[in-house]
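Only one chain comes next, encoded as structure tokens, the form predicted alone.
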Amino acid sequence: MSELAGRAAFVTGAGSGIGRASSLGLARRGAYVWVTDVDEAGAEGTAELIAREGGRAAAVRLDVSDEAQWTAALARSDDRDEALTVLVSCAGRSMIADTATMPLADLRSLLAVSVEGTFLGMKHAIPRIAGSGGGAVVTISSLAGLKGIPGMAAYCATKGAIRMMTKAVALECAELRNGVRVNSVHPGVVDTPAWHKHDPEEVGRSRHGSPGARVLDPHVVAETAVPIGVACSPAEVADTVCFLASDAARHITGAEIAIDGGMTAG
């Protein structure tokens, strides 16, 4: 596949999980990929995986909540022959806590990465994409941006904000006729490192009053929570990201695509 040959993609949160899988998928389709993450070692690991497959990529450390780092990172893309035509905003944080006990500082840290980071990416990348003749922005929201989840009010708020920001910016781009499409993807239960960072005992105390009440193995959760009974893989989410980034999706903008095995179907 080479539908993205001669183009460049900029991916945040690309050091692991969905961001890494999306970077690999875009590179396999011929794109030069700017692999960015606050975890520099993770970004470099993704770039190395791309190189092993014969793809082209550069790893860049990026704190998405820092506007100066955005301008510096995107300026690097100006010096390459490949025009920037794709932005995948995947950087985010997950947190499980009851609203009544969650420190305000934790909420603000979630907002800084997920909401401010997504905003800054659009602010600085969209003019470049438009200047390249158009392309696509794909934001990674969540099932939690479509429905409430107990114990995850702050996380739901950030993902819901991404969803609505995506729609508004899609319409702004449409009004400008700048050729930039903007869509959000909403994964459900996906086997990513983020799932395994949560302490099941912490979740149990927070939600049910006793340790160990919830198991955070995504495959175990999927058996009962996902209608089709299986967890999604990062690569499956990446396939949808790559489709939205391609010309095959040229008439899709302002859309939200759930990749949740039927969790929002009823």
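For clarity, every value in this text was computed on a predicted model and none was experimentally measured. Each residue number is its position in the shown sequence, starting from 1.
A second form of this protein, the form predicted in complex with a small molecule, is not displayed here; the remarks below concern that form.
Q: Although the small molecule is absent from this view, report whether T85 comes within 4.5 Å of it in the model of the complex, heavy atoms only.
A: Looking in the model of the complex, residue contacts with the small molecule do not include T85, since no heavy atom lies within 4.5 Å.
Q: If we define contact as a non-hydrogen atom of the residue within 4.5 angstroms of the partner, is D39 a contact of the small molecule in the model of the complex?
A: Within the cut-off, so yes.
Q: According to a 4.5 angstroms non-hydrogen atom cut-off, is N183 in contact with the small molecule in the model of the complex?
A: So N183 does not count as contacting the small molecule.
Q: Given that the partner is absent here, does S16 sit within 4.5 Å of the small molecule in the model of the complex, heavy atoms only?
A: Yes, S16 lies within 4.5 Å of the small molecule in the model of the complex.
Q: Run the contact test on G6, A9 and R128 with a 4.5 Å heavy atom cut-off to the small molecule in the model of the complex and return yes or no.
A: Not one of the three qualifies.
Q: Out of K147, R163, H124, R93, which one falls within 4.5 Å of the small molecule in the model of the complex, going by heavy atoms?
A: That would be R93.
Q: With the small molecule left out of view, which of L62, A27, A47, A238 would have a heavy atom within 4.5 Å of it in the model of the complex?
A: That would be L62.
Q: Given a 4.5 Å cut-off on heavy atoms, tell me which of 175 to 183, 85 to 93, 98 to 106, 130 to 138 is the interface stretch with the small molecule in the model of the complex.
A: Only one stretch qualifies here: 85 to 93.
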